[in-house]
Structure formats: structure tokens, C-alpha cells
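Just the one chain here, laid out as C-alpha cells, in the form predicted alone.
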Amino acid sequence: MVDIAVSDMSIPSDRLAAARSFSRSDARFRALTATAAFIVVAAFVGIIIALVSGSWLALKTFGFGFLTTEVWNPVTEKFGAVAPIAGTLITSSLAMLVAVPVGIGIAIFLTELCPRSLKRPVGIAIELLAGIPSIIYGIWGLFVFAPFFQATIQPRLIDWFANIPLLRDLFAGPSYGIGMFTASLILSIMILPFISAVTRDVFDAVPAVIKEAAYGLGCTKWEVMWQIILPYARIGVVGGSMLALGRALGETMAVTFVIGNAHRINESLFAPATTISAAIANEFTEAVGDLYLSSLIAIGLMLLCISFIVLGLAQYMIAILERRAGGRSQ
């Protein structure tokens, strides 16, 4: 039996020094990335602890009734989170119903149908919408869109749906111009660049050979988009839509300007309402008393929980889509 020993003396000193330097660099890099990850986790845990501790007084005082009560009266110190939670969910859902089809349509146009000379200018113009501050959207919505909506669109919608049993309740009431429907439309404009930009990038990532093969079999553009590109890119489309939904759930200033800021639930989408973020922005500086402040922090905790649920559902949907895609490929 022959023992083979390799010592540092058998390696040139310059190579040994370089190897030790690389090892130290790897250790420093590993420590730096671990520290960065720990900071993110620590900040996240700190936010949760701060919200739970700040909202504990309201949760202890009202109990589960905080989630089932509509009343919000700072004078009598009676608070319930139903109205802002409902307003947040309704406005975000309506915004997604408008923005997702339009965003996907824009992505389809830019990737498959747009002339080459217009593709770049149109794409840049759409992406610039994402850089506009939300308060600008709010000012434009309050002073430009809301008066136009009040004088032109809202009365016509009320007349069109006046004789339809369900829709006449949803589109009823006086023409304020502001309300949940207006806030939803402003939100849809704000989240549109996120959906269209992500979806366009995903569509561009579809291998050209797949599309060429479909065209070679005689498929039309509609068939290629519906049966080839969309199924191939569905995970990215869902991811972009969830990113936009996260923006819609937490939007504050633009919604505050045009939603009307009323702590009540109405059947009509034209009625004033409020969202969690709008309620906090409007009332946080005026919150006198520990219970009032704790109630505002509690609805902030509810918004965080809603975001968690949305993120979990998004991950679950993506996992299902990946599983189905894997099953088809076998």
C-alpha cells in the first residue's frame, strides 16, 4: 500500500496564495449574501411584530367583530374593518378585470402585430406610465377624469342598466363622478404597464421555431396566439398579473383622491367608499386616542394578510400550471 500525500510544498506558492485568496473571497461573498438575506427576513419579521403589537388593543377590544362590523365612528370609538376591506377587494378586482385583458392585448399587438417602426415608441410610451407618480394619477383623476365621467359616461351607464335587475343596483345612484368605479378605472390605468411589460417580455421569450412551425401548419395569428404563445407563456402572464394586483391592493394616493372616502358599503359601484390604504392615509395624522390609532394599524395588518393570501394563491396557481405543463410534456 502506497500512501500519497500532497502537501502545500508540492504546490507553487503563487497558486497556493491565489487559491487561499479565492477561498477568502468566497467566504466573504457568502457572508455578505447571507447578511443581506437575514436583513430582509429581519425587516419582514419586524414589520409583522410592529403591526401586531400596534393593533393588539383594537383586536383585544373588538375581537372578531372588528372583521364583521361596518361602523367606523371615532367619536364613540367604535371601529370595524368591513368597509375598507371590501373597498380594497372590490376596487382591485375591478381594476384587474379591466387591466388584464387590455394588458395582454397590448402585449400581443406589440409582439405580433405592431409595425416595426411603431413597436419601440408605443412600448416606451406604455412603460412610461409606470413611472408616473401615483399622486399625479390622483390629481388627473379628480380634476379631469371624474368630471368627464360624471357628465358623459356615468349617466349613460345608469340609463342603460336601469331595467336590468342586478345591474341596475350596481350602476345606480346620483352621478358623483367619484366612487369605487372611478377608483377602479384609475387603478386599472396604473397597473396596466406592469401587466403589458411583463407579458410582452414573456411573449418575446417564446422560441421563434415554435411559432414558425405553427404558421407552417397553416395556423392563423389568432390560433398561434391562443393555442401556442399563451399556453407557453401562461406562468409569466400569471406572475405579471399578480405583480399588478399587489400594486393595486396597496395603492394609496390615487385612490384617496377619487374614491370618496366614505366608511360604508353600498350596492352601487358609483357610490363613495374607501380602501385600507386610503383610510390610513386620510386619518392617521388625525387619530387621537390609543384605540383609534390601534384600529388604523389593525386594518394595515389586514392589508398585509390580504397580500399574503394573494401571494399564496399566486404561488399555488403557478405550481398548478407548472405541474400541468410537466404532465403534457411527458
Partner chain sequence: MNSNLHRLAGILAGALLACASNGAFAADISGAGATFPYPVYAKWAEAYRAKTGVGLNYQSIGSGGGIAQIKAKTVTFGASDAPLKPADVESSGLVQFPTVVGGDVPVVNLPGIRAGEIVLDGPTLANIYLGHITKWNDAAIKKLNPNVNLPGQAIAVVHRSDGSGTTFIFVNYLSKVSPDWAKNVGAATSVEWPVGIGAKGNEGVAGNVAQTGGAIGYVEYAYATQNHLTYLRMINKDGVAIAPSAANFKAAAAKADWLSAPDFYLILTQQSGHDSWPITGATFILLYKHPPDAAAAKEALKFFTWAHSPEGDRLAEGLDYVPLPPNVVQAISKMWHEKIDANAVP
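Numbering follows the first chain given and starts at 1. Everything quoted here is computed from the prediction, not taken from an experiment.
Another form exists, predicted in complex with the partner chain; not displayed. Remarks below refer to it.
Just one of Ala162, Val75, Leu118, Ile124 comes within 4.5 Å of the partner chain in the predicted bound form, counting any heavy atom, and that one is Val75. Ala281 is the sole member of Leu291, Leu304, Ala50, Ala281 with a non-hydrogen atom lying within 4.5 angstroms of the partner chain in the predicted bound form.
Shown alone, this chain has one stretch from 162 to 170, 134 to 142, 216 to 224, 181 to 189 that lies within 4.5 Å of the partner chain in the predicted bound form by heavy atoms: 134 to 142. At a distance threshold of 4.5 angstroms between non-hydrogen atoms, Phe109 is out of contact with the partner chain in the predicted bound form. Among heavy atoms of Val71, some come within 4.5 Å of the partner chain in the predicted bound form.
Among heavy atoms of Pro147, some come within 4.5 Å of the partner chain in the predicted bound form. Taking the partner from the other structure, the partner chain in the predicted bound form has a heavy atom within 4.5 Å of a heavy atom of Thr285. Heavy atoms closer than or equal to 4.5 Å to the partner chain in the predicted bound form belong, across 152 to 187, to the residues Pro174, Tyr176, Ile178, ordered by sequence position.
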